[in-house]
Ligand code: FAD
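Just the one chain here, the form predicted alone, laid out as C-alpha cells.
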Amino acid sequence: MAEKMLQFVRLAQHQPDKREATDRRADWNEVYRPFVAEAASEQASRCSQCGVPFCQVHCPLNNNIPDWLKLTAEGRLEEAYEIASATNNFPEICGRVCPQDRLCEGNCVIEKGFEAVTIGAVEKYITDTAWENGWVKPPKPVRERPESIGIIGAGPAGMAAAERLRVLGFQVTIYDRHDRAGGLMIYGIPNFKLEKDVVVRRWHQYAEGGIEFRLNCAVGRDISLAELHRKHAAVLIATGVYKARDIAAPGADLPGVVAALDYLIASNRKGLGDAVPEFDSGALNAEGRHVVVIGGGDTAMDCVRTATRQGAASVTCLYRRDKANMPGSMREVYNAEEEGVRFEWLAAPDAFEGKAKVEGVRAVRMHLGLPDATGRQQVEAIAGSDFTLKADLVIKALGFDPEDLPMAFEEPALSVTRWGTLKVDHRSMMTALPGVFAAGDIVRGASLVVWGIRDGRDVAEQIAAFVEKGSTALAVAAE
C-alpha cells in the first residue's frame, strides 16, 4: 500500500473547513467542521513516511504519527486509533488543543515548499471515529492489585497517571477541589476550542474503569496530605498552577481589572449551566464592554475570543512584542483577527486609569532591542510614546505561578524551587517526602496539555516501580 503515501507532490494541504467568523462569533461551537473520511484519508496520504520523523521527535509524547497517518490513508482506522492511543491518553483532546504549528506540523519536513501534513485534524478525526464506533474502552487491568494510589488533581497529568496506574491493576482515587474532573481542560479552555462533553466522556469512562473520583475535596481543607500519605501506598501531587501573575502598575487594583483564569472559569461555568454570580453581575462578563486583554500567549487568545462571543463592544489585545514573537499559536492569532480582535503590537501597559472603576489603559510603545541571555530580544520603552485605550474591562493574561503548596498542605517538608514549583528528584519524580510524587505544571511550570499527559504517563511508571519495590521488600521481610 506504499503507493498511497507521498501524495504531497500532487495534493495541497487542507485543514477541515473553518466556519465563517460571523457565524462562530455568535455561538460557542468548535471553529473547524469535522473531516469527512475521504478528506482525512487524502490528507494523511501526504505524509512522506520519513526515516527520522521530525513530527514524532518534536511531539512531547513521541506519538507514532507516520504510522497512524499511513493506516488512516489505507482506511484502517481502528488500527490507527490503537497506535494513536498507545502513546496518548487523550488524542481527541490533543487533536483539538495542541499548538501543532509549533510542534508536530511545525517540524514536518515537507513544510517548506509543500506545507505540513495536517496532523492535528487527522488525529481528532481518528479518535472521534473511534468513540462513535465504540472502540474506546475503559481502563481495565489484567490483574487487580491491592495497593491504592492517591492522586491530587484531576487535570491532564493526574488523569493520565490515573489511567496508566489503573491499567497496571492499582486501586486509584483522584481528589480534586472542583466539582468536575478535567482541571483546566474543563474550566480553563473555552468551548470553541474544546467542547466540554469531550472531556466529560473521558471522566465518566475512567470512573467506569474503576478509578474513584472524590470531587469538591480540597487537600489541606477537607483532607490533609498526611492522611492521604497514610491511606495510600503512594501519593501523586498534580495540582497544576493557578496563581495569576500580576502587574505592578498604578490602578492595577481598580474594579474591572481581572485575572484571565477567573474570567475564563466564570465563562465556562456559565456555559456548563452553573450559577455564576460574578458573571451575572457583569464583573466577569464582557457583554457591551470595551475589553483590553494584556498578554500574548494562548490564554490571552482564549480571553479575546471569549470576549467577542460574549458580545463585547470592542476587544483589543495589548502585547509588548511584535506578532512574530507571540508565544501563542499563530493559528489562534489568525482566528482572533478574523473574529474582529484588534492587536496593539509592541505596546505595554503603564497604568490603569479610572476612579471608582477602570476606564482606560495608558500604554507605551515598545522597541525590540538586543537579545538577552536566552536569545530573545529585550523590549525597551520608547520615551514620549504614551497613548490611552478605552477600557471598562481589563483582563490580565500574563501567565501563572504555583500556589504555596507546602503552606496549603501544611507540609513544610515539601521542597520548592526558586520559581515556587515543587522540587522533585528528576529520575524518580519523587518529592522530599518518601512515597509522595509530583508531576505536571506544579513541577514544570505552566505548560501545555500534551506535556501534562507526558508527565503523568512518566510518573505512573515511577510510582508503580516504587510500590513494587516496597511490596517485594515486605515479602522478603515476611519470609
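Counting begins at 1, following the sequence as shown. None of these values were measured; they are calculated from a predicted model.
The discussion below concerns the form predicted together with flavin-adenine dinucleotide, not included here.
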- Should F400 be classed as touching flavin-adenine dinucleotide in the predicted complex when contacts are defined as heavy atoms within 4.5 Å? yes
- Partner contact for A157 in the predicted complex: flavin-adenine dinucleotide, 4.5 angstroms, heavy atom: yes
- Query: Is there any non-hydrogen atom of A238 lying within 4.5 Å of flavin-adenine dinucleotide in the predicted complex?
  - Reply: yes
- Check whether E163 has any heavy atom within 4.5 Å of a heavy atom of flavin-adenine dinucleotide in the predicted complex, and answer yes or no. no
- Looking at 365-373, 210-218, 271-279, 311-319, which one sits within 4.5 Å of flavin-adenine dinucleotide in the predicted complex if you count heavy atoms only? 210-218
- Of K243, K196, K193, H229, which one comes within 4.5 Å of flavin-adenine dinucleotide in the predicted complex, counting heavy atoms only? K193
- Task: Would you kindly say which of I189, A347, L71, A286 lies with a heavy atom within 4.5 Å of flavin-adenine dinucleotide in the predicted complex?
- Result: I189
- Item | Contact set, 244-262 vs flavin-adenine dinucleotide in the predicted complex - heavy atom within 4.5 angstroms | L261
